[in-house]
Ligand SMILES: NC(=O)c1ccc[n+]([C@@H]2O[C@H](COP(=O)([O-])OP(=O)(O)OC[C@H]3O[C@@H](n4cnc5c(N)ncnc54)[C@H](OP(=O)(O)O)[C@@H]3O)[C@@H](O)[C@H]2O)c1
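There is one chain below, alone, in structure tokens, taken in the form predicted on its own.
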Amino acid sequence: MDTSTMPVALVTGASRGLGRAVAHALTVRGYRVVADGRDPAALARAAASAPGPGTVTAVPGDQADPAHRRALGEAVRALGRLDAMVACAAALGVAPPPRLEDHPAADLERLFAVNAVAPVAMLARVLPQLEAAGGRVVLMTSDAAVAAYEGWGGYGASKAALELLTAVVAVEHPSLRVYALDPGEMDTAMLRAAMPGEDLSDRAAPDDVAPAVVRLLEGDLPGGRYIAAGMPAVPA
């Protein structure tokens, strides 16, 4: 099979949760996926279980580490193109999230480094390949970026910063379609850590949210901010 014509996507945070679901959904649609995650074993399992005809190149590491971002960029260049970047990697910080006056400053700095600085720095590294393909970028935001929730000030502020950075990237690079996607609350390890002891069975599963990402990557929606709930999937 000639893989050179297959689209390529970079998906961060692909060892679990929404990132894993997105990577799997894209392999089903024939993408070659460069995937990262902080847990090497979990990332290897996720890559090995990808269900589609596309392939997964697993590059374990922390996106906040410049050396890891270089490794991801090299993996993308090795595939010869990049059609999409989906940034799902994120940090919750102290769990459960504390009130702002109790939030350690070092943890706030880590939240901004992982949730805002790292995705944009990764995007900067692969911009040439994305622009050559007229590619698409999906960066994950949160309702906590636009509303004040007790205990969510640090996480929400880091996502608000990411939203503004996303909007600036869109203005500065009009050849790309750039999206900020609010996936809503999902039954994930992150939300369970944030809300210990709560029943999350009524929250969406990551596999149910992944089609919204596919819709942004393959549909005709203009760049901007979207909420996953109610978004139709692209037809098979």
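Please read these numbers as outputs of a predicted model, since none were measured by experiment. The first residue of the sequence shown is number 1, and the count goes up from there.
Below, we turn to the form predicted in complex with the ligand, even though it does not appear here.
- Among the residues 123, 116, 89, 79, the one placing a heavy atom within 4.5 Å of the ligand in the model of the complex is 89.
- A heavy atom within 4.5 Å of the ligand in the model of the complex is found for one listed residue only; from 18, 9, 25, 213, this is 18.
- Under a 4.5 angstroms non-hydrogen atom cutoff, the ligand in the model of the complex has residue 189 among its neighbouring residues.
- Although the partner is absent here, residue 199 sits far enough away that none of its heavy atoms falls within 4.5 Å of the ligand in the model of the complex.
- A residue is said to contact a partner when one of its heavy atoms sits within 4.5 Å of a partner heavy atom; residue 38 meets this definition for the ligand in the model of the complex.
- The shortest heavy atom separation between residue 129 and the ligand in the model of the complex exceeds 4.5 Å.
- In sequence order, 140, 141, 142, 155, 159 are the residues of 134-159 having a heavy atom within 4.5 Å of the ligand in the model of the complex; the partner itself is omitted from this view.
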